[in-house]
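To begin, one chain is listed below as structure tokens, in the form predicted on its own.
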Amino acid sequence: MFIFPQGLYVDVRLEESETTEIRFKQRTLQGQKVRRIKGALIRVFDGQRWYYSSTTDLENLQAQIDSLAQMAAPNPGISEHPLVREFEVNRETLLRYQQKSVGDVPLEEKKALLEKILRKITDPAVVNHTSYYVDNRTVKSFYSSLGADLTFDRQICGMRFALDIVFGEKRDQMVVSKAATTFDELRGFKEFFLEEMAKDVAYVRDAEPVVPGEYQVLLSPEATGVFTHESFGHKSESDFMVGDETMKAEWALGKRIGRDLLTIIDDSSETGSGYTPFDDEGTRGRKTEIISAGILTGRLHSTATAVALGEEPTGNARAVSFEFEPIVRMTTTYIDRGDRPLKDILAEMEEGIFVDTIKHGSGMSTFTLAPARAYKIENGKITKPLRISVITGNVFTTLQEVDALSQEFRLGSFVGGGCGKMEQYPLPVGFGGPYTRVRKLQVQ
């Protein structure tokens, strides 16, 4: 397909993306659009430095390869360079969503699904609401001078509702978001959206301020996922460790950082927002155990970070689009399921906090979670709703405090956000896990 110049490593990543967006304010349509974009990122490596070009001029890719090559210094030994030797050479076509493409669903059908739910938002406490439907299918092709030849796709569709809820002096904005990989699957979430909105209205009406302090905390699968992604997942991205001896010492493989029950995984093969069959360097996606039975056993890598740290690539070199070079990013990151029923874990809690849904989270060494809905736990039962600003803790201390994980387990996909790192936002990721009990956290 391309004539690759001698003495250089070259790869070309082509992307063809179709996105639909439909937006409402209250029940008034604000806009709807279908956007189709085709583009490519070209990379050339001469053993000393990288040369990049991002373009939508797909008719002249060969000329752009040649132009980049003229800037580089040909290296007869490029194939023996440690980085080039680590690049995988995969050849495969994997079009998982070709027969169920969201692009084949009529625009009016997508709009009708959103309107069907909007007609059900009738509670007078919801004084304002905005909503949108979004879908995307992206087909990627990857070619390299080593012989890689890949074509694969990923797809997501979903809806998001933002509700302004007011009861006298009590007011809050609550968000309900859910995504699926096919439109047929998304249809089945209608009752989920309505039930979550009803919970949000009741929560704003009844919630009382929490008494600040240290509490035993039970995290829902959603809250577990946000905690895992924000507080621990980013620390596992190995580009933070290259050239940072302090970080490498803190992240020494073989170090115990939790109890035997704790296993944390990043798995790009999981269906949903984080599905990444091949990363943006052509490396096959895989399941990486970052923590295994409480022991730090892995980290997430691009090819470059794997070479720098003497480890194996993990398929985590991802870019938000063809306009960017790949960097180390998570895919679907979660705490693995436990072996105890939720009811038994709850029964042991005389007093505590249950975090049901999350507004946002952040952190590296210290993390912060801002709950959307949280509740008091009394005598083994989830009782009254509580307003909580933040829950905070030290990452490694908190991992040691995880003392129960449920058999019940759920992974989630959402629209209306994504993972941000450097200038690349929003990158679709998945997260979730079991119900997770932490012995003590600071609650404000």
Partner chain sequence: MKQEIITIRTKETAARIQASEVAAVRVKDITKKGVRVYRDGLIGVAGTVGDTPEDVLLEQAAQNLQAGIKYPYPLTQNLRDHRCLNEAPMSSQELLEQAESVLNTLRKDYPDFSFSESIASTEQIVQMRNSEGLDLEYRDAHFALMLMLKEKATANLFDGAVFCLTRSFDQEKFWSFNRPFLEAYRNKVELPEGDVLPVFMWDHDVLLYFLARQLHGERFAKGSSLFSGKLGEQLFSEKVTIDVNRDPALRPMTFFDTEGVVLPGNRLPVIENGRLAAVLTDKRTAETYGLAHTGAASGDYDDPPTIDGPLGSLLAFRADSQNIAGVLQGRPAILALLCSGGDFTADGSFATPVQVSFLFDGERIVGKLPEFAVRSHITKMLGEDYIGTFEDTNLYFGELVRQVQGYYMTIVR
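None of these values were measured; they are calculated from a predicted model. Numbering follows the first chain given and starts at 1. In this text, rigid core is short for the largest set of C-alphas that superpose within 1.5 Å between two forms.
Although it is not shown, the form predicted together with the partner chain is what the next lines describe.
- For the three marked residues, Thr181, Gly418 and Lys440, no heavy atom of any sits within 4.5 Å of the partner chain in the predicted complex.
- None of 128 to 136, 216 to 224, 79 to 87, 189 to 197 except one has non-hydrogen atoms within 4.5 angstroms of the partner chain in the predicted complex; the exception is 128 to 136.
- Residue contact with the partner chain in the predicted complex: Asp244 places a heavy atom within 4.5 Å of it.
- At the 4.5 Å threshold, heavy atoms of Ile37 reach the partner chain in the predicted complex.
- Contact check for Lys384: no non-hydrogen atom falls within 4.5 Å of the partner chain in the predicted complex.
- Residue contact with the partner chain in the predicted complex: Thr368 places a heavy atom within 4.5 Å of it.
- Gly363 is the sole member of Gly285, Gly158, Gly363, Gly338 with a non-hydrogen atom within 4.5 Å of the partner chain in the predicted complex.
- Contact with the partner chain in the predicted complex, defined as a heavy atom within 4.5 Å, holds for exactly one of Asp123, Glu115, Glu311, Asp172, namely Asp172.
- Interface residues of 386 to 402, taken as those with a heavy atom within 4.5 Å of the partner chain in the predicted complex (partner not displayed): Arg387, Ile388, Ser389, Val390, Thr392, Phe396, in sequence order.
- For Val34, the Cα coordinates differ by under 2 angstroms between the shown form and the other one after the core has been superposed.
- Core-superposed comparison between the shown form and the other one: the Cα of Ala112 travels less than 2 Å.
- Taking 2 Å as the criterion, Met197 does not count as shifted between the shown form and the other one: its C-alpha moves by less than this amount when the rigid core is aligned.
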